[in-house]
Structure formats: structure tokens, C-alpha cells
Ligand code: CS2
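Okay, here we've got a single chain as C-alpha cells, the form predicted alone, with questions on binding and movement later.
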């Protein structure tokens, strides 16, 4: 017999050991429209807003928008927006059921619902986790259309906060709106500039995709079936620029543990280059070597040492975040969390969109001071090997990437023309930028390491690099 499903009606059955919302949702009055209703948002910002709601501030309910995932939205609707989150750390496990998700829409089939939500009088914020590849003219047009309805109704402006891994994400989002707007939108853009705020922000929490293991664990913990359960770590960080339509939001967020500052860039670049940069390198190493999860990668001594040196020697010298050593050590501990089961193939998704933000800035700055960039060169070589679409045991995998066809076309010739493949990959300005594309020294070192990877394998090559102590 199947278990009773988690919902608002069955919430009282959840054990007292599980933190759950005592407040009742005001479903017609969400204060936040969130675009990109994936696992990350639900285990990060939604839990911050849940804390504000539990404290009695009912302005932070969420209207969550699934950009392309009707299946997830339908599952969440069946559970009245409720889901369990397993929070696992060194001190053990706890479970929480956030209650901030009050309404949902699917953009592809319910676009007008989304626009109406943006134009609702109760709406104060729009937040976004649409991934790096989601910053398109279609996204900008959606926001423009929603703001047009607000403007026409004489309503207040909004705080519109990008929470994606893009440096200066608030500035980039605002610029995208201006670039997409037509001459007919001139007055609307003037109103937006005056009445809306686009704070830059950095968010950090490791949230793997949902799995059946987590669903089973949630059922055991709650005594209810939960088709939307998630697993995450105890660590979380949200750094946001002090730039809000309502200045009072700064103190509210800070009280919940959000870091409100004018120096978002320091945290942003550290996260992109240290966490995200090493994550991508590990994911590619794991995918090629046949490891399933990040914990499997960091659990191998030579890969752990590679990641430590990548961050310490090639990234940290150029960071303005002063506590980078503590951040590095915390990252390595977090990567090894056995409960997260963070798939290397999930992290390797969209690598062509992620690498430009994560690797080239450090390489260029190392070149500028005459320092080594061997760890990034090896990572780039492994990226090329990854485009073969099969691991070193011969198991095939899919390249889930908007540039998959062109990357596979380059990588498919590695056996017959390996040097030509390196040259073709490193000629891509969309990946590396014009300055790095022009570097003969960079080409030479990636070629060297690619040759080693093809002939010795990834693990042997990483061990050789560690033994040689490149610095």
C-alpha cells in the first residue's frame, strides 16, 4: 500500500522532530515571483523566505515559475507546494519542510499567469535561478512584459535579483532588459531605471538533483510520500548588494543570515573561481575516469591534492576575498559530504556556458604575473577528452550542453588528429576569450597535458602532475 502523500492537509502528521511551517499560506498574495523552480532555489532562497514567514512577515510567499519543467510543477502542486529537505553535515542529519511556495506556474503553457503574478499588487521581488544559459532576449522580454503591466497599473517597482553564477549578474540582467527593449519601451525603461532595483548577488549551497534514495529517506523521516524531496548540506551563503526598492529589506535579510554588502564582487569571484571552477574540473575528471559523484573524486588523494593546488596556487593569488584559505578548506570538506551524491554529469552539464566564467580569468592573471597555470591547462585538456562522450572504461555518456554538436565535432578527431583538436577547441573565443585564444604558451601546455591524458589516462596524469609539483 502506498503511503499518504505530503500536503497541507497531511502536514500535521509530520513528526515533531521535522521543522515545518506553522503559518498558513496566503495563496493569493505571494510577495516573490521566482523564475527557475529547480532544486537549488527550493533548498536555498525558498528556505530563507520560509524563515521570514515563520517569523510572521507574510510578504515573502513565493509564486514559483517552472521555466521548462511542467512535470516538477505538477508534482509540487499535488503536494500544495510542500517538500522535505534533508540537511546533512558533520554533526548529523535534520529534516525540514519549507512552506514558502504558495503558487506555481509553467512558463511554456501559462505565460499570462506569470505576467499577472509579476503585476500583482502584493509582488515586491522577482528572483531568478535560470542558469548561465538562461539570460536570453526571451527572458528579458518576459520581464519587460511583466513590468509593463505594473507600470500601466500604476504599481510600485520591484527588486529584481539574479541569483545565477554570472559576475555582476544584476548589472548584466538590467543591461539585457535595455538591449531587448524597443523604442516603444522608452518610457517603461525610464520608469524601470528609477523605480526598480537590480542587486548583484552570490548564492552558495550544494544541492544535487533529486533522487529516489532521497525520496525513500524522506518517506522514512516524514511517514509520508514526498515526490519532491531534496538533499543539501548545512552550509549556505547568500551575499547580496545593498540595493533594494524597500531599504528595510536589508535588515530583514541580514537577520536571517544573508550577507548584505556593497562588496558582492569579492564573494562572487571567489565562488565562481574556487567552488565552481574546481567543481567543473572535478566533474570532468570524474566523468572521464568513470567516477559517479563529486565525493568519489575528492575522496581520491591525488584529485583532492589537485583541487587544493588549483585553488591555492592559481586562483587565490587574484582574489579579493581575504578569508580564501578558510573558504578553500571548507569547500574541500563540503565536496566530500557523503550524503550529497552530487553527480559529476549534472555538474558537467552546460560546461561551455560555465567555463568562460570560471577558468580564463585566473589563467590570464597567472600569465600576467609570469606564474604557472598548469592545473587549469590540465583541466582544459580533460574537457577536450570529455567531448569524446565515453569514459575510460568505454561507457558512453551524453553531452548535455547547448554547444554539444560543435564540441563533439571537435572532440571526435582526437584519435587521428589530437593536436588539431586542441587547436580547434582553444580557438573558440566564446569559451576562452580573445586574449587567451591568442596565447601560444597556453596552447602548448594544454596540448602537452592532452597528450598525457590520451596516452596515460586521467588518473595517471593527475598523479604525475602532483608528483612533479608544478607551481
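Positions refer to the first chain, counted from 1. Predicted, not measured: the structure shown is a model, and the values here were computed from it.
This next part talks about the form predicted in complex with this ligand, which is not shown.
By the criterion of a heavy atom within 4.5 Å, residue 358 is counted among the residues contacting this ligand in the predicted bound form. When contacts are judged by a 4.5 Å heavy atom cut-off, residue 271 counts as touching this ligand in the predicted bound form. Mapping the unseen interface onto this chain, residue 376 falls outside it, with no heavy atom inside 4.5 Å of this ligand in the predicted bound form.
Using a 4.5 angstroms limit between non-hydrogen atoms, residue 275 touches this ligand in the predicted bound form. The stretch among 144-152, 72-80, 316-324, 341-349 whose residues place heavy atoms within 4.5 Å of this ligand in the predicted bound form is 341-349. Checked against this ligand in the predicted bound form, the candidates 241, 401, 249, 204 yield a single residue with a heavy atom inside 4.5 Å, and that residue is 204. Note on contacts: among 124, 309, 174, 354, the single residue with a heavy atom within 4.5 Å of this ligand in the predicted bound form is 354.
Site residues 20, 95 and 225 are none of them in contact with this ligand in the predicted bound form, judged by any heavy atom within 4.5 Å. Shown without its partner, the chain has 40 as the single residue in segment 18-54 with a non-hydrogen atom within 4.5 angstroms of this ligand in the predicted bound form.
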